[in-house]
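Just the one chain here, the form predicted alone, laid out as structure tokens.
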């Protein structure tokens, strides 16, 4: 099978740089034998490893991470977590599915909380509620639909007019918004570090060990630069990078998105940032995410690039513009950290999940909801492997990613759809 390249990250992860230095685990070396080998130490891979150990405690388990914990995609997200599904969970047209998706999201969130409690680590988890903001009339229509959905599902929420938005976040940019009571913010690099560093001792984690190939057979053989690992069962928890192992190329695309964190602000500037802790998601999927960090910083996340990164200078300029449009009185404030991250998108928003070949399983296509969704998918994949439960309920609710047109039609189509969506997004960007 072909080489699995790591995402092309041009800048270090800002979340990780804001934490104390951490000593990574050594890379894999020599010949290693295991019952289970997991490729990828993100939320899916680590959840699978934990659950495998709970169900099969005597088994040898190996986790192979291509980079350092905290520098991979799992540490580069915006740090939003929700025990309810963030995409369909408020739907009024798919009520039954929404309720079941919320149940699975709750299961994933609870599994994360359990790992935090057992591990005794902090990731600055805080229940803040979740704000979705609209800067356009089209966005406002979605906000009204979300409010109707919240009422239908019995979720505590608050509709916010322009004045209410200004009161919460200190910006006059938005027309309206909705704040749901359920919603948490956290430090994603601290979370993925904590999950990795508190794995049970029986689980062997190797960092800076990108897998160069997975050979068929029983047992399967995985190669890294310095090691050969034999495993009876292999899990590819690499999200979009699974394509480079030769799987699901017809159903996944890799998207780069970008984030920045401001320098620490002067007290008089920080006083303009609204209530002490909040996070805002855009009404349009291509819009800009913003959140307050601590007492004196802001994070802004925007921009989408297809299959390859954009120049760091361009990302910095665009993110700075997004921030200053929302807070024009803070034009003198600069971004201290800017970085990119990847996610895997599918046409219909469903993941690819399950058995690939005998002894080989995979999970990919988190569609930007990887923290909680990836956790429950990893947990349930481990349960399927050990118990033989086919997980039909999960499959029925999440569905399966449909096929995407082959190249060059895929690239052409992506750019056409992106242009249309950017036009719809307008001021949400």
Ligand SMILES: Cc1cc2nc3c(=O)[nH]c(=O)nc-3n(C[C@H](O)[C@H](O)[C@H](O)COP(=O)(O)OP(=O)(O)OC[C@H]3O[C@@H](n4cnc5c(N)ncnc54)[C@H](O)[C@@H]3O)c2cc1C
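Since the structure is predicted, the reported quantities are computational estimates derived from the model, not experimental observations. Residue numbers count along the first chain shown, from 1.
One more form of this protein exists, namely the form predicted together with this ligand; it is left out here, but the text below deals with it.
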property: Partner-contacting position among 279, 282, 108, 341 - heavy atom within 4.5 Å of this ligand in the predicted complex; result: 341
property: Sole residue of 262, 73, 288, 132 within 4.5 Å of this ligand in the predicted complex, by heavy atom; result: 73
property: Partner proximity in the predicted complex: residue 79 to this ligand, non-hydrogen atom cutoff 4.5 Å; result: yes
property: Non-hydrogen atom contact residue 49 with this ligand in the predicted complex at 4.5 angstroms; result: no
property: is_contact(residue 301, this ligand) in the predicted complex, heavy atom dist at most 4.5 Å; result: yes
property: 4.5 angstroms heavy atom contact with this ligand in the predicted complex for residue 64; result: yes
property: Residue stretch of 209-217, 320-328, 262-270, 138-146 approaching this ligand in the predicted complex, non-hydrogen atom distance within 4.5 Å; result: 209-217
property: Residues from 22-41 in contact with this ligand (non-hydrogen atom within 4.5 Å) in the predicted complex; result: 39, 40, 41
